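Listed next as structure tokens is one chain, alone, in the form predicted on its own.
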């Protein structure tokens, strides 16, 4: 293990996953905050804007042999904690089976960010404006966490506990994100973000979804809102309203009413609540039309 001092910041660089977990466990017992990092894209943004940083970081970038890559198993696709967006986008099977997640990954910053940024980091950063994390939510992904006490799996639906907060314990490390086998290659995967420009923009409002049609009816509905709440959020009321309906029976006013139960968007420097609510409803309508049309051909 190496320790690199950067002014008042100490960066711990373990050589193995076991060593990383031991460092996290010791820091937790000593009451010291040890923040894991890999691509470091979010950390550098925080530092640039003068946000308070912990005194110690755990750099897991060197554990790519243990925590990197993509693996297809019976359970589904295992996305290693240090797997980057660029790595996934260069894998044809990933793009073919998860086209909407690939689209989201392709819109995370510039190519330099995609070469360093990771799916696990996007999840752990817990930003409501994240790109990849909401699509993973719509795909029913799970988070694998490891500590010296063992391994546990948390549905992404239950992973965020508040704005920039997660249920990961201080002694735990994300080792992988798992997309279930049932979601791989499934129909109706759809993603769109709305920002001030097409690329390299923070999302004002967006939708990540999986809409499965059968016999002209919606048989399965997954809708994840982006920049509409304190975290990326599934829309349970809206999903219930839509499930089992034919496209022609979906009423715009009823759709917006169901949406209002799930989401109370805020006003901030990027947009206002009225704009967000209206654009989100139109994104849902667009996703419904396009996925329905795709099943008709």
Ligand SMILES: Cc1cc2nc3c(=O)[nH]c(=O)nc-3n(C[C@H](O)[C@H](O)[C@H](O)COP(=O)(O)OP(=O)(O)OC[C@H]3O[C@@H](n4cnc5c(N)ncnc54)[C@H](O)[C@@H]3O)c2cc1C
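In this text the structure is predicted, and so the values were computed from the model without any measurement. Positions refer to the first chain, counted from 1.
There is another form of the same protein, the form predicted together with this ligand; it is not shown, and what comes next is about it.
Inset, instruction - Would you mind picking out the stretch of 217-225, 80-88, 178-186, 148-156 that comes within 4.5 angstroms of this ligand in the predicted complex, counting non-hydrogen atoms? - result: Heavy atoms within 4.5 Å of this ligand in the predicted complex occur in 80-88.
Inset, instruction - With heavy atoms only and a cut-off of 4.5 Å, decide whether residue 76 touches this ligand in the predicted complex. - result: Residue 76: no contact with this ligand in the predicted complex.
Legend entry - 4.5 angstroms heavy atom contact with this ligand in the predicted complex for residue 109: Looking in the predicted complex, residue contacts with this ligand include residue 109, since a heavy atom lies within 4.5 Å.
Legend entry - Partner proximity in the predicted complex: residue 40 to this ligand, non-hydrogen atom cutoff 4.5 Å: Yes, contact at 4.5 Å.
Legend entry - Exercise: residue 125 in contact with this ligand in the predicted complex, heavy atom 4.5 Å: Result yes; residue 125 sits at the interface with this ligand in the predicted complex.
Inset, instruction - Name the single residue among 139, 205, 130, 98 that comes within 4.5 Å of this ligand in the predicted complex, judging by heavy atoms. - result: If I apply the 4.5 Å criterion carefully, the residue I get is 130.
Legend entry - Of 26, 35, 245, 270, the one that lies within 4.5 Å of this ligand in the predicted complex (heavy atoms): That would be 35.
Legend entry - Partner contacts for 104-118, taking this ligand in the predicted complex and a 4.5 Å heavy atom cut-off: Residues within 4.5 Å: 107, 108, 109, 113, 116, 117, 118.
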